[in-house]
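The form predicted alone is given below as one chain in structure tokens.
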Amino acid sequence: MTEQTPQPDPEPSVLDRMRERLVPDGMPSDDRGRMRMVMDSLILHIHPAKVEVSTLKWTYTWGLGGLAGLLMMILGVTGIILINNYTPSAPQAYLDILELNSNVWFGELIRNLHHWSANLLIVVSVLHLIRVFVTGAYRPPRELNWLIGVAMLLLVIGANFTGYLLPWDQLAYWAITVGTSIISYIPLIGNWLSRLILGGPEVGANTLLNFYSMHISFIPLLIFGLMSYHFWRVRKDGGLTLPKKAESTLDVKPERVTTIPHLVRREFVFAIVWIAIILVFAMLVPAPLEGIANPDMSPNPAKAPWYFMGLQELLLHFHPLFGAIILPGFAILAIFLLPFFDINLASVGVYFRSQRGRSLTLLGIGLALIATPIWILLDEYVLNWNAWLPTWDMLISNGLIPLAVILLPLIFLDEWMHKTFQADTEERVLFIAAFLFIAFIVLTVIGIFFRGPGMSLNWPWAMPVH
């Protein structure tokens, strides 16, 4: 009988190495086993045990959901550190920020990380929602997760808005003053709701305390709670939606690999790269901080935070009820209801549904890029509905009429696409959504860079330097 040469032990996997680091060597074997089971359950709570190879291509999801989760963790850690060096009272809040930037070890870096991660989270959340929309991944059985995702986006914006005031400088004070003025336009309850949020008739010490309380407790608890359930629902609903084209070419069951190490390794590298990018950016670009808030000295122009500049631009062209309440309200309602009137499952997982859908999306983007600046210029220098119709109610002359001028061409264009290209409902939804989204982006860019003193149009390089 020949003696067999002993085979070397296989190289430990990523999960095995993680276990060895996190499970103490001195722990009894039964406890070690239970600890390993907990770790397995934690990782596999948001991931299936196996995933299809085609879902590992990062160009399908771009890692946007994972990046949003990573940013939330960065915000949580940096936020806890900042809380220990901050007092939510005026003017001490501003003095604490100065102290943080000057005398606390790595204080300015922590604040920069928190500020830029919060801003990036808005962008990433919007892009993630767009990715889900253009691949039809909101359709059954994922309707609930779509609703949760939209709710989380609104909460992320709310977290940014409440955190914007906390430095208590001029930029924050007047941006929140402009932003909260939109609330007062809500019919019947607008003034009451505004006073409730502000803690009085205007932005003041009570507002700072209210915003601080919402920023560190109510809003983040909701976000983290919904985010945990959101990730679990992705797992529960079968993971990622695969492109139908990829599925139709497979005569056998698609190849599957274990989540650990194949998916976990990619996620780990992706997280390390993004942490490095954010860290370098935070080291090079300081978070903005102007002089201490002064209610008696308003800047010209006074602008809302950048993510509300599209709404502020709308207020220059519509009656406040339309620009601040009706149009945004209908847009949010349409986004929430999208899974319930676009339920065709044939193209789930395919970017832009079809080749015709891609073409119509590009058409919508192109038209928005051309038509929106033209409309703004016309409304700024030519159109004057109030002067032309002085006896008409402003809700009609500055609300319904401008809205009809915009919507009627869209309705005719939608009908033309339906008859000429035989575009189905989902392709027409793509066109309308692309047009309106790009139009809002153009409004935001114009509001940020092209509005000068008195909110008049100016070239960015002609703006006065403060």
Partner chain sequence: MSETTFPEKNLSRRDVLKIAWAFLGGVALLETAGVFISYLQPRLAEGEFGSIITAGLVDEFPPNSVTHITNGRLYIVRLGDGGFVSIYHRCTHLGCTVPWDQTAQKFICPCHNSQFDQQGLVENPPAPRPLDMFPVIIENGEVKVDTGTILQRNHTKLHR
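Numbering follows the first chain given and starts at 1. Because the structure is predicted, anything quoted here is derived from the model rather than measured.
Keep in mind that the form predicted in complex with the partner chain is not shown, yet the notes after this line are about it.
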Within 4.5 Å of the partner chain in the model of the complex, do we find a heavy atom from each of 63, 78 and 154? no
So, residue 192 and the partner chain: in the model of the complex, are they within 4.5 Å at any heavy atom pair? yes
Please tell me whether any heavy atom belonging to residue 349 falls inside 4.5 Å of a heavy atom of the partner chain, as the geometry stands in the model of the complex. no
Could you tell me if residue 298 has a non-hydrogen atom within 4.5 Å of the partner chain in the model of the complex? yes
Close approach of residue 316 to the partner chain in the model of the complex, 4.5 Å, heavy atom: yes
With a 4.5 Å heavy atom cut-off to the partner chain in the model of the complex, the contacting stretch among 229 to 237, 332 to 340, 391 to 399, 142 to 150 is 391 to 399
The partner chain isn't shown here, but in the model of the complex which of 258, 119, 85, 210 has a heavy atom within 4.5 Å of it? 210
Consider the chain as shown here, without its partner, and state which of 107, 200, 328, 220 has a heavy atom within 4.5 Å of the partner chain in the model of the complex. 200
Those residues of 174 to 196 with a non-hydrogen atom no more than 4.5 Å from the partner chain in the model of the complex are 174, 177, 178, 181, 182, 185, 191, 192, 195, 196
